[in-house]
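Presented as structure tokens, the chain that follows is alone, the form predicted alone.
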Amino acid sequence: MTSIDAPLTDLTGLPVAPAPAEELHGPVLAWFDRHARDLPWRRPEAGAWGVMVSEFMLQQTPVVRVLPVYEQWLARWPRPADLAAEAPGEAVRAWGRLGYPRRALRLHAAAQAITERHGGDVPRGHAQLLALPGIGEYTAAAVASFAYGQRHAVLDTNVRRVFARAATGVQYPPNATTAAERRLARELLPRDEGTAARWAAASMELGALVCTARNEDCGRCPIAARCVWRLSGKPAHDGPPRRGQTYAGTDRQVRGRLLAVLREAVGAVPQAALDAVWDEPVQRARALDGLVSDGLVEPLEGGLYRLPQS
């Protein structure tokens, strides 16, 4: 039984308590067996490198946008050493329009570290994964779990939302992951290592397909009868406002347009070619300075710019 208290009542005024973890595992795992999407990084041939690439790409990016870039990436760089041998700018170029392109630089740096420290094989140990450049707690746990079948709490946005609703009775989790959420995730983990790895994937898929941020489909949910939030009448979110993401007119949009010019160019690009993609000079200069500072753009003599070569 989870130790998280749920001081909520159902529509008749009776208290609603979280279901024991064991009552959640079976229905969710059975649902996953029937409804899991056939995604390339879930196939055995993907290997640990394919799982790692997918985890970098899927951060804040929908599956439908990731799929074509993932396939192209693995066809070009089937092993970490293949990517490590290329200039980091090639990783940025191949990243395309996935957004948040610093992820491409971090994945390139991770590939170099894997090649140098681990003989080109993605390490199995959670601590070794966590020591790689660009790898945080979530990605280390995800790779260890999905690639190597280990027992780790894997907390992405989808999992956090499922646990928030099913176990704590709130519509949305906090904006940032809390210690209480990590504790709850550990309490909900099945004891068996292989089952825990399947549970991590299954709870994530449930959040992606059924227990979505908007228009949740409780009629298709395998644990609707045990969900504290649903049984409590689906109380509305009363925490801090949820962060929205805007794009049009932001520095992110300007950075994207500047990078698009550099990705499509064969060699270095003159300042005038970059100036042509955004009219407002102060914002354009700020965005370009940010790209240079982030290591995504390399300035050259004579007012030329290119993707990073080292």
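Owing to the predicted nature of the structure, the values given are computational and were not obtained by experimental measurement. Think of the rigid core as the biggest set of C-alphas that the two forms share within 1.5 Å after superposition. In case it trips you up, residue 1 is the first one in the sequence shown, and so on.
Beyond the structure shown, there is the form predicted together with the DNA, which is absent from this document and is the topic of what follows.
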{"query": "Candidate site Ala46, Arg79 and Ala109: all three near the DNA in the predicted bound form by heavy atom within 4.5 Å", "finding": "no"}
{"query": "Heavy atom contact within 4.5 Å of the DNA in the predicted bound form, the stretch among 118-126, 95-103, 82-90, 221-229", "finding": "95-103"}
{"query": "Touches the DNA in the predicted bound form: Ser145 (any heavy atom, 4.5 Å)", "finding": "no"}
{"query": "Any non-hydrogen atom of Val63 within 4.5 angstroms of the DNA in the predicted bound form", "finding": "yes"}
{"query": "Interface membership of Arg37, the DNA in the predicted bound form, 4.5 Å heavy atom rule", "finding": "yes"}
{"query": "Partner proximity in the predicted bound form: Ala180 to the DNA, non-hydrogen atom cutoff 4.5 Å", "finding": "no"}
{"query": "Single option in Ala208, Ala196, Leu74, Ala113 placed near the DNA in the predicted bound form, where near means a heavy atom within 4.5 Å", "finding": "Ala208"}
{"query": "Proximity to the DNA in the predicted bound form, single hit among Ala202, Leu188, Val170, Leu132 (heavy atom within 4.5 Å)", "finding": "Leu132"}
{"query": "Residues from 152-167 in contact with the DNA (non-hydrogen atom within 4.5 Å) in the predicted bound form", "finding": "Asp156, Thr157, Asn158, Arg161"}
{"query": "Large Cα move at Gln283 between this form and the one not shown, threshold 2 Å, rigid core", "finding": "yes"}
